[in-house]
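One chain comes next, on its own, written as C-alpha cells: the form predicted alone.
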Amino acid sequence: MLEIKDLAVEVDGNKIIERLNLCIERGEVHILFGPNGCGKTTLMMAILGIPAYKVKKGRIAFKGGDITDLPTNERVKLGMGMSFQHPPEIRGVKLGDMVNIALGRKEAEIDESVIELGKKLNISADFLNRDVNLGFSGGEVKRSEILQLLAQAPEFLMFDEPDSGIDVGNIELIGDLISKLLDRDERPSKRERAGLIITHSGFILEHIKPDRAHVMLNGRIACSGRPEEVVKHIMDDGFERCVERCVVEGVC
C-alpha cells in the first residue's frame, strides 16, 4: 500500500527527516511513537503532499505508483485521508458541508444520509450546522475529523494523535470507529484498508490492535517491533532506552 525509501524532508529550510524507510502492506496498521519534534507529523504531511513539507530526497510510492511529486488533491483522489491533530477553524463552512464534500457531492443539503453518519459519532443535526471547528472542544474536533474520514472512506488512513486531549468516553468512541474504518473487525485476509497512527499515550491501542510499531528519533525510524513489546519498553525506559533494548533483544 505504502512504500517510502530513503526519504529526506525539509520545512522552512530545516531538515526534519533524513534517510527514512517505511513499508505498510495492504490491510496493515502501524503505530508511530516518538518524542515531540522528532518528525512524526512531518512524515504524515510529506506522505499527504502538503506543500510546506519539501521532499529533498527519496521516493514515496502508493499502491505501486510513485507519488513523490503529486499534489495533495491527487493523492486524496488515489485513496489517502488524514485526521489532523490541530485542524484549522473554517468560518462560513458548515461541518455538514464538509461531510458532503468528503462524500463527493459538490452541492448538497445536509440530508438524512449525512445526519445518520453524524449519529455514529454522537454528532447531532444541529452540530452539523456549526462552522467547522469553530468553538469546538478537543473531543468535538476529533469526532469532526473522524466523521469527515468516515464519509471519505479512503484506502489509506493517517491519524495524528487521535487520543490526545480527549476524555475516556471519546477515546472509546473514536477508537472503535477507527478500528472499523481500518477493517480491524475483518479477518486479516479480508482487510483492504491500511493505516498509520501517531500516538504519545498509547491509549488508542486498547481499541485498535496494530500489526507493527515504530519509534522515531531525530528524523528517522530508530526501531520497529511488535506493538506490545515496543509499548512496554517505552513505558519502562523511555524512547531512547526503548531503542537500545529493541536492538539488543533483536525485536527490530
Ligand SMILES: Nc1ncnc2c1ncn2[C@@H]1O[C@H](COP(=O)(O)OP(=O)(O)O)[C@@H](O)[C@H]1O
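Remember, predicted model here, so these are calculated numbers, not experimental data. All residue numbers are counted from 1 along the displayed sequence.
One more form of this protein should be noted, the form predicted in complex with the named molecule, which is absent from this view; the next part is about it.
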property: In the predicted complex, Leu196 touching the named molecule (heavy atom, 4.5 Å); result: no
property: The named molecule contact in the predicted complex: Thr68, any heavy atom under 4.5 Å; result: no
property: Residue contact check: Ser189 to the named molecule in the predicted complex, 4.5 Å heavy atom; result: no
property: Residue contact check: Gly39 to the named molecule in the predicted complex, 4.5 Å heavy atom; result: yes
property: Option from 222 to 230, 204 to 212, 54 to 62, 40 to 48 whose residues, in the predicted complex, bring a heavy atom within 4.5 Å of the named molecule; result: 40 to 48
property: Interface residue in the predicted complex among Asn100, Gln85, Asn133, Ser179, criterion: non-hydrogen atom within 4.5 angstroms of the named molecule; result: Gln85
property: Residues in 1 to 36 with any heavy atom within 4.5 Å of the named molecule in the predicted complex; result: Val11, Asp12, Ile16, Pro35, Asn36
